[in-house]
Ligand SMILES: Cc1cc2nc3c(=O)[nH]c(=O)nc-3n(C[C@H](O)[C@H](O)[C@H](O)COP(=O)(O)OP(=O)(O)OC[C@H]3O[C@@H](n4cnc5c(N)ncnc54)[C@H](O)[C@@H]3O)c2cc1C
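One chain comes next, on its own, written as structure tokens: the form predicted alone.
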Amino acid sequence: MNQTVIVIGAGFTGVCTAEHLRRAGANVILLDRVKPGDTAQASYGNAGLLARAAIVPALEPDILPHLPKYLFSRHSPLSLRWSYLPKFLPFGLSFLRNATGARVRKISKSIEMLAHDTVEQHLALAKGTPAEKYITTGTFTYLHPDKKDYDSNRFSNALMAEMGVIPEQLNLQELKEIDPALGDAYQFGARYKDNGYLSDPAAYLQALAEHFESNGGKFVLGAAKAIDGQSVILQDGNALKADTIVIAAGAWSKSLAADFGHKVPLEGERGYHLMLKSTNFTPPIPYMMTDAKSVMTPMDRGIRIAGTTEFAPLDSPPSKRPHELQRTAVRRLYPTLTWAEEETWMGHRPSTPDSLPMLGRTKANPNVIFSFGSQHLGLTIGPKLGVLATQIVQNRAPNTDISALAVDRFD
């Protein structure tokens, strides 16, 4: 492939795309305002999951009756800054319209297409690179207060079963045989196979980016201000020219994507993590605490609890409540867990109203390709988006149906 491609954004989607393009023979420039793995990226603070099981969007029919409770309870993992409501309302209403059974079924099939082989995609991308050592394969267990709570998710359980995602069901005794330190707060587990996680997401991303650079790729530290024809105009006034430009800048993609003839309803959905360091023990596997909507993952630097959802202005300061809720969830899960220090973090997930990324060439400038909007699954589907974006750059028809990701679907 004898062309120059600029990839804007050095998070998981951008780095995976840049590396796939480099391997396909393109001259690739990876551009970002921060270096890969920086704390300012959503890619830094995720739960580290290669979440093959996470194929049903967060808002689905089983959740709808509980939505008022989530929005108005101080103990809810979902929050909205009410001063932000007028600006958020169009996105929120569209988000609700996509929570019907028919829409969720279609959306889940597209997520499954992107996520079903996440472990294989990451292993293939990282093979022979320093990033390979950070991947662990295995199971992922959803923890419920009781069996009744699990059974109440009738729609999502049935939909997942249709797509072959069927868990092994574990009672409290079986859970404690695997992990004796568990308390009694979660008495039922749904354990899914064929998942994986990263022991250090930031180090993994940095290792992939360094491999990209050491094998001919170029990284440029700079902020993209605008796209003019086949040039990216930087904040400092300089310009980078290319045959093709891929916008993969996560929640910051919206301003760059605004001038290409498409409605881009992208929201910076805020997620939080709590990293517990120097703990007295470590969980053997990742857990999803279903009531807290947070994931606990064992990592090289400690135990990470990541999750919750907050809608607020992109540049507003972090809230304290999500971390308080995460500390409470940790103590319920592991009553005897202690730690010497902790790290708190907040980042912005790039979310669309239908929970699917926008992928494809733009109407106003076919040299510009959108590849953003992965919501909670940026790490999980990053390599697959990189493969698909590379095929689009090459003018090759993807070998799977990506019509649900079309960049004009909100027009």
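Please read these numbers as outputs of a predicted model, since none were measured by experiment. Heads up: residue numbers just count along the shown sequence, starting at 1.
Unshown form predicted together with this ligand; subsequent notes refer to it.
- Not one of Leu143, Gly189 and Pro286 places a heavy atom within 4.5 Å of this ligand in the predicted bound form.
- This ligand in the predicted bound form comes within 4.5 Å of a heavy atom belonging to Val34.
- Remark: Tyr70 does not count among the residues lining this ligand in the predicted bound form, judged by a heavy atom distance of 4.5 Å or less.
- In the predicted bound form, Ser43 approaches this ligand with a heavy atom inside 4.5 Å.
- This ligand in the predicted bound form is not approached by Ala239, whose heavy atoms all lie more than 4.5 angstroms from it.
- Contact with this ligand in the predicted bound form, judged by any heavy atom within 4.5 Å, is made by just one of Leu276, Val104, Leu208, Ala249: Ala249.
- Though this ligand is absent from this view, in the predicted bound form it lies within 4.5 Å of a heavy atom of just one residue from Ala223, Leu123, Leu96, Ile178, which is Ala223.
- Contact with this ligand, judged by heavy atoms within 4.5 Å in the predicted bound form, is confined among 73 to 81, 209 to 217, 300 to 308, 260 to 268 to 300 to 308.
- Heavy atoms closer than or equal to 4.5 Å to this ligand in the predicted bound form belong, across 170 to 197, to no residue whatsoever.
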